[in-house]
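Single chain ahead, written as structure tokens, the form predicted on its own.
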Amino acid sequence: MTAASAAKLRPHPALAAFVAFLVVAPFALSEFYVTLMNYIGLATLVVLGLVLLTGVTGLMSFGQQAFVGISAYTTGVVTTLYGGSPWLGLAAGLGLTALVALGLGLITVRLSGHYLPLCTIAWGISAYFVFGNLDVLGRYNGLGSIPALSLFGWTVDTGRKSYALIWVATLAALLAARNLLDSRSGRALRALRFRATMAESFGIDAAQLKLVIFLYAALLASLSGWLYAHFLRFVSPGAFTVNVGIEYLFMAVVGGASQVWGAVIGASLLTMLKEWLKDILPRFFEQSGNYEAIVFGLLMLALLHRARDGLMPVFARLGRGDPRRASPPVAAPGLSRRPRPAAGKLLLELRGVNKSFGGLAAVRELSFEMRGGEILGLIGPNGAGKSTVFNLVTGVLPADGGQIRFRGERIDALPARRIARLGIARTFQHVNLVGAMSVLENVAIGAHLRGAQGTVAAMLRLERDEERRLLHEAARQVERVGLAAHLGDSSASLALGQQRLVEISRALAADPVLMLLDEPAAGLRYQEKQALAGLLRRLRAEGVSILLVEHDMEFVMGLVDRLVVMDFGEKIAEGLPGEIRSDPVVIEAYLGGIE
């Protein structure tokens, strides 16, 4: 179990105090502040979706208010024009929101850079004018006389009654989001924002997962819209302008865009601060005006200058106290393992493979074979094309020509996630870890394909048995590379050599048939290199084949069964270590300066 996970399972005084405050608030606060708390709860639902979408997954959206409006207007039409119940309005609102979000998501989640936020602004503007120009929606006058909710004979027709329903829904959504991030799917989500290539290389379907989170964020906004419509019992286009969408995103950033409970902090701070400034500032200026917008902007600039990651990380640091190390994962049944090919059986085959980047030929007519139970070294000077070969074999890059076959199946046209399912795992030339995640969590990403539970099961915490097995497997692989003492440490806090060992253990957690190791000994001391060599020999004895790129010739020559030598993208030699060591072409190209 990770340190973060352990902390989540321990009673937290701040969380207990917050829940206690929510219980007492409707009895202790005035009607004005109860109404304000309702608005905070409604905003928190939308902002929580943005935390998952923008802060965790990295998809910036300025258009969530459109989904709020779709649901609010849908339930308004169903209940006022057609006499349907509010619960039918909820189903209709969620259904229509899901259809619209699915259509928009299929287009937008594949965008990157500034195109994605521009697209969300565009649909937000479009939704506003749709709401304001349709007669059935009341045009800019809006829809009124929306009925109050009725639940088991209990009519929710006051602000205090609405409070209970809004905050029960909000707390349920917050807990579901927390459960999601503390799961197999949550690790995949956190890896997508900064390490999408790595995530795909371990079987994570980035596009599908982004679409799921996009849809979930839209449904949270839809739920907020339904509650909003039946709380106010009136909807109009002014509540769903682009400015409102920007405000939601601002709440996520101020609270802490990657923190679940930051949604509550951001929504609370901005909602209450706006109301207080509206009351206080006119006393100083003695005239009406939007002075609160100016002062509010200045306050937010100062806040973000001092806490650029938002307020939640600041509160977390203040309340941390003496950190307690994470306990090792509890014992769990082992995961099933895939069968290994027989020793000596043809495993990987490259035939005339080519790859160019513009006018630079990185790989030219490369052909070689690799057999089961073999350690094959791929060596050559810097820029010879070795890492490009790794990227071609693992599907990170498409080949321009030739064929790559794994266990007889052609894989050069497959995406990285499909190739990972076949039993190929890798490390990277430049360390590719999620720095904010612990060693255990990083390694557990490698075991992603060995689990099957999805996001809904994670939110409901129905995947705990599988999660224990995945974490136990990850801990076992961390122990194999000698880093058991660092299970709960942030991967960013480790030395370079240790980070490379974390990458190796992550590849081992995938239960590979073939491992591609890109300079695994870089940054390791002599004793650590000897331990790594012993581990790789044990893996070979277990039936795992290894394709190795490494510049330490002493390490390579004492380990590999055969060598393939590249220079300027071409194969210049292939054979046993002793043959390669004395090959004059290799000596001239690469080994001439090494005794």
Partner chain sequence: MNEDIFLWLIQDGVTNGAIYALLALALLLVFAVTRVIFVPQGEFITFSALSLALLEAGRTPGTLYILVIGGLAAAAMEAFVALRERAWRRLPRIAALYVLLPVAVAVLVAWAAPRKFDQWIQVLLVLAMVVPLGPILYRIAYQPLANASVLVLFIVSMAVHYVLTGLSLVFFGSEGLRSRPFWDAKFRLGVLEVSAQSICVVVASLVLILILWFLFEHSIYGKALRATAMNRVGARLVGIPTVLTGHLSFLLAALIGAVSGILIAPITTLYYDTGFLFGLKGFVGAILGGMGSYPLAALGSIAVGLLESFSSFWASAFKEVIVFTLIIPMLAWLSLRSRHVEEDEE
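Being a predicted model, the structure only gives us computed values, none of them experimental. Numbering follows the first chain given and starts at 1.
What comes next is about the form predicted together with its partner chain, which is not displayed.
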Discussion item. Checking a candidate spot here: are 156, 165 and 172 all in contact with its partner chain in the predicted bound form (at least one heavy atom each within 4.5 Å)?
Written reply: no
Discussion item. Just to confirm, with a 4.5 Å cut-off on non-hydrogen atoms, which of 344, 398, 334, 95 contacts its partner chain in the predicted bound form?
Written reply: 398
Worksheet item: Can you pick the one in 462, 298, 81, 102 that has a heavy atom within 4.5 Å of its partner chain in the predicted bound form?
Response: 298
Discussion item. When the contact criterion is heavy atoms within 4.5 Å, does residue 374 count as touching its partner chain in the predicted bound form?
Written reply: no
Discussion item. Can you tell me if residue 85 lies within 4.5 angstroms of its partner chain in the predicted bound form, counting non-hydrogen atoms only?
Written reply: no
Practice prompt. Answer with yes or no whether residue 247 is in contact with its partner chain in the predicted bound form, where contact means some heavy atom within 4.5 Å.
Written response: yes
Worksheet item: Counting only non-hydrogen atoms and a 4.5 angstroms cut-off, does residue 151 reach its partner chain in the predicted bound form?
Response: no
Worksheet item: Exactly one stretch in 213 to 221, 476 to 484, 118 to 126, 366 to 374 has heavy atoms within 4.5 Å of its partner chain in the predicted bound form; which is it?
Response: 118 to 126
Discussion item. Pick out the residues of 32 to 57 whose heavy atoms come within 4.5 Å of its partner chain in the predicted bound form.
Written reply: none
